[in-house]
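Next up is one chain by itself, shown in structure tokens, the form predicted alone.
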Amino acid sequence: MSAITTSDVLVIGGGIQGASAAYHLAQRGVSVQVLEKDTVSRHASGVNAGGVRLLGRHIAEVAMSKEAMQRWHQLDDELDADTGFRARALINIAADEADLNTLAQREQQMHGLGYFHEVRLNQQELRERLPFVADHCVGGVVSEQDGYAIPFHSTHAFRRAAQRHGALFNEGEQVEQIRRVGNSWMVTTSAGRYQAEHLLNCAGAWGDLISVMIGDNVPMSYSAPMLMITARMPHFATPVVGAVSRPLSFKQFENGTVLIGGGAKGFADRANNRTRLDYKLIANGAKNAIDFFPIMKTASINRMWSGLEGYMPDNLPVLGKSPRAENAYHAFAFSAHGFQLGPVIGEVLADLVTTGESRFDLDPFRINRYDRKVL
């Protein structure tokens, strides 16, 4: 029987949320072990589009997202690393009058809540910022602070910073059993046994499986969001680009390559750690890019890929304390928009562990929000 490794906190999952949590906890002098079944940043945290987006957030996420955005602008200095962050602004394009009406309603809602970071653009202002945009586009909305980072670099920046503060990362260790032993959590992996007072579930697309082991059930699904990147093109778009009502995520890097996303999903084989592309949907994504930027007709696709991500029915993450188990916490199912939140999610989890509460309203993210109410 192998020896038991002990720590104050066990973090399951080595994506950006788990690595950020380890950093924030270790920075406070808490001993942390991270258990990752593959390698750090192997799944969604390493292969997403890298969007650092405050624009268009669900109202429940805006406060956290604003705090995270402030962190991103100083994150390289804080972590003493190159995350690849670039502040380029993000513009969501309005393709027609219906989109403009949507933006007007959103503006009224946001201003009513005291949020003024989303600024509407008329057609001329849109063209000044995006000269190559299609003629039919009639306006848009911009968030000036937004931009992008390099996901793999960012996640490993958190990992290295956490390690400098004493956190330990254990890769290639799949969790096989979780149980309570007295006032502690005992976790058995494929390579060892770990014991800690607190347990964090940051397992991404496997978060529902870890939840069941802890004692919580959750209606999470999983899928394989797809991305493609072009060969180098002449520079034509500085801001990151999205669309109000069409699936489009679009950015041109400094080297001229263009990354195209938009949420189209491939085929996910979670049990075997594999994904497969849906080429029909990839073609639709390319068509969307051309519809908004005709110059993209000349682009050649260099590479296509997909990752594994967890999704909740309302596309909001699971975040907060377990309602059924003591000293257990969840942060998963970020539904393809969790990367930007990484710097603040780690703080939220560290606060929950060390103080028992968060300064943010976590009620919309509770794991049992879909439980049937007994009257």
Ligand SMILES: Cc1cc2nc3c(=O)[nH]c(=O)nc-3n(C[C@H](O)[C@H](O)[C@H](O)COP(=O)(O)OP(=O)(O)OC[C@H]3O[C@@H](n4cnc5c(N)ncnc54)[C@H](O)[C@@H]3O)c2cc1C
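Note that the structure is predicted; figures quoted are calculated from it, not measured. We number the residues from 1 along the sequence you see.
Form predicted in complex with the ligand: not shown, discussed below.
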Heavy atom to heavy atom, is residue 47 within 4.5 Å of the ligand in the model of the complex?
yes
Taking 4.5 angstroms as the cut-off for heavy atoms, does residue 339 touch the ligand in the model of the complex?
yes
Please tell me whether any heavy atom belonging to residue 309 falls inside 4.5 Å of a heavy atom of the ligand, as the geometry stands in the model of the complex.
yes
With the partner left out here, check for me: in the model of the complex, does some heavy atom of residue 174 sit within 4.5 Å of the ligand?
yes
To verify the annotation, which of these, 206, 152, 253, 85, has a non-hydrogen atom within 4.5 Å of the ligand in the model of the complex?
206
Only one of 26, 350, 35, 319 gets a heavy atom within 4.5 Å of the ligand in the model of the complex. Which one?
35
Stretch in contact in the model of the complex with the ligand, which is absent here, among 196 to 204, 85 to 93, 131 to 139, 113 to 121 (heavy atoms within 4.5 Å)
196 to 204
Within 12 to 35, the residues that have a heavy atom no more than 4.5 Å from the ligand in the model of the complex:
12, 13, 14, 15, 16, 17, 18, 35
